[in-house]
Every structure is written in C-alpha cells, then in structure tokens.
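Next up is one chain by itself, shown in structure tokens, the form predicted on its own.
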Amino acid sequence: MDRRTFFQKSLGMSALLGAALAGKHESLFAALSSSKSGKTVDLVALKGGEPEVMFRKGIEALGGISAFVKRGQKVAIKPNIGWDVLPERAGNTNPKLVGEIVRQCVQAGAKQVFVFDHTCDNWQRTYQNSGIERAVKDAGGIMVPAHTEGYYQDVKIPAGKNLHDAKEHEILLESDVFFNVPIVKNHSSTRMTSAMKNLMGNVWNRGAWHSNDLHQCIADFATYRKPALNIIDAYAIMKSNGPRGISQNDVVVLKAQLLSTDIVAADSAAAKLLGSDPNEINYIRMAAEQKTGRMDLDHMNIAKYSF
C-alpha cells in the first residue's frame, strides 16, 4: 500500500468512527428522559450549540449562576489544561466554555475567579496554546500556576479505601466555590476521562495512584470535596489515542455539554457519549458503590435542550 492510499484509508476509517460515535450520541439524547416540572433537575444535557451558548442555557436550567456563586466569594475553576495542543485537537477543555463560566462568575459578584491545572506538558505553553489563558484573562479571571509542589497542601481522604491522603492545590482550599470543567475523551489508562478523573489535576502526587489501583484512587478522591457543579465539555470529543491524541483524525465534533451537581451522574452520561457502558468504567462503578453519586440515569430528572 502506497503512502497516499494509506492516508486515504485512514481518513475514511476516522470518518466512519466519527459517524458511529455521533450516532451513539444521538441515541443517548433520545434515550434520556425529559425533565419533570416541579422536580429538581439531576442532569442537564445540551446539544447543537456553541460551548458558551449551551452553558448559558444549562446554568439557567439549574437556577442561574447566582444559585452557585454569591457576591464576594472566591471561585476556583478546574478545566482540563493538561496538554500543549491547540483547541481543535480536543485535548483540553474548550476555551470558549471556560471563558463564559469565568465571565458569569465575575458578573455574579465573585471577588476573584481562579483557573488552574496541574499540567502534563509545560504549564506556560499549555496555558497559552490551549487558548484558555487568553479566554480567562479576557473574562476577568486569574490563571494560577500549579507546576511546583509548594502550591500544594496535605489533606486527608477519610472515606478513601486505597487513597487516604493527598497534596491538593492551595487555591481549592482557599476558595468558597469549586467548578469542575473537564472535557470528555478517550484515555489509555482508564478508557475515558471526564469529571472524576479531571480531579487528578487538583493534586501534586498523582503518580502514586497508578501503582495503587488507579480506578479506586480516582473514586476515593471524589469523596473528598464534591464540586459545586460539574460542567462537561463534549463540543469535540477525542475518540481515540487519548489523553493527548495524535492528530485531528482522533477528534469528532458532537457539539454537546453536560451539567450536574452529581459527579457520578455526570460521568455516567459522559461515558455514554463515548459509546461506553458506565458500568464498565471501573471508577464510575466504584464511586457509585461508595455512594458518592448515582449512575442510574434512567431514574433521574434530566433536562434536555437542542439548538
């Protein structure tokens, strides 16, 4: 097979995989029950809009940003900013979404809005090339370094089975409100990364988790401090070669977003966006067994919106 034929076949396979994943995404939204009036919304699922537009509608369905942020409070926002790749590669959270969240927090009267991640690639290049640094600063937020151990403090994980302590970034300990804003994508170690796994970017000593049952450590850490809200970016999904990806061929555009105060519910829905059974993602099942949240999507009150 010559080089040209190889690339043509590779691109064709990528398109087929993208179409199949998009079909599963449509099936997920069709299967989700509609919101029941008068009941608390457990999950908001949106599709078809730009990231900032979907967030505006999603947060409105949950009572607006003022339901989470009060005047004078400090807010910490934790996107996925792990990789030195451009936004179209879907390795990091979409900068438009992060910028809109910061903007709304500032408008709600937040005293300060901090954004950070313990990056895998060089933190300065990653912050810049992800587009998140510029989006945050333009919206009135503050990018916080997280690249040395001095930024982290010891915390105990009393409900952990394998993980009993960690070093968490000090900005989380100092903030009144914590928003978890991951991107959902394929991951070589855990099959997927989304809300719970995004919390690994909160800590310094995450390397030890890999030798101590990674899935159980992820579930354990999720018991420590539950985010006020999980906002999952699924505008573009890395369907293969995660978490960093190899090329644009790893990405399919779904234009979707999920919001939930329940981190297990959020990850359960995110797994379905990737075409996976949440029961087969060990840390989701473990977290549900530890009563950190619910994964029974069929029994939840879900608000659905299309654009």
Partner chain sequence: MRFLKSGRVVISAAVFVLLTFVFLDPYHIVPVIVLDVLTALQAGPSLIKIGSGFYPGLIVLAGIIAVTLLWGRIYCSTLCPLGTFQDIINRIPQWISRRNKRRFLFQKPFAAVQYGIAGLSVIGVFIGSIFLVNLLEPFSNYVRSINAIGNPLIISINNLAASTAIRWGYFGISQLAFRQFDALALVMPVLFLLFVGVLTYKKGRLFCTMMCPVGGILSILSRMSFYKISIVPGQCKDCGLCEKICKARCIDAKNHTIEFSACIGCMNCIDACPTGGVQYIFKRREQEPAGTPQGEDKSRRKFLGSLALIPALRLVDRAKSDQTADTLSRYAQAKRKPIAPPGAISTKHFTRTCTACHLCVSECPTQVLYPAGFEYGLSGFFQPKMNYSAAYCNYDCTVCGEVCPTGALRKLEKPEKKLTQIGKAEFQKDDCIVITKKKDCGACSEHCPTKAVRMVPYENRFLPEVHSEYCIGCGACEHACPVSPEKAIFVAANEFQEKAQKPVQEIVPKSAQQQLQDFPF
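Since we're looking at a predicted model, the values are computed, not measured. Residue numbers count along the first chain shown, from 1.
FYI, the form predicted together with its partner chain isn't displayed, but the following is about it.
J.: Does every residue of 110, 167 and 236 put a non-hydrogen atom within 4.5 angstroms of its partner chain in the predicted complex?
T.: The answer is no: none of the three residues contacts the partner (heavy atom, 4.5 Å cut-off).
J.: Considering its partner chain in the predicted complex, which of 225, 147, 134, 161 comes within 4.5 Å of it through any heavy atom?
T.: For this set of options, the contacting one is 147.
J.: In the predicted complex, does residue 297 have a heavy atom within 4.5 Å of its partner chain?
T.: Yes - in the predicted complex, heavy atoms of residue 297 and its partner chain come within 4.5 Å of each other.
J.: Can residue 52 be called a contact residue for its partner chain in the predicted complex at 4.5 Å between heavy atoms?
T.: Flag for residue 52 set to no.
J.: Might residue 171 be said to contact its partner chain in the predicted complex, defining contact as any heavy atom within 4.5 Å?
T.: Judged by the heavy-atom cut-off of 4.5 Å, residue 171 is in contact with its partner chain in the predicted complex.
J.: Taking the shortest heavy atom distance, is residue 42 within 4.5 Å of its partner chain in the predicted complex?
T.: Residue 42 lies outside the contact set for its partner chain.
J.: Only one of 153-161, 225-233, 101-109, 191-199 gets a heavy atom within 4.5 Å of its partner chain in the predicted complex; which is it?
T.: Single hit among the candidates: 191-199.
J.: Counting only non-hydrogen atoms and a 4.5 Å cut-off, give the residues of 237-256 close to its partner chain in the predicted complex.
T.: Heavy-atom contacts within 4.5 Å come from 241, 242, 243, 244, 245, 246, 247, 249, 250, 251, 252, 253, 254, 255, 256.
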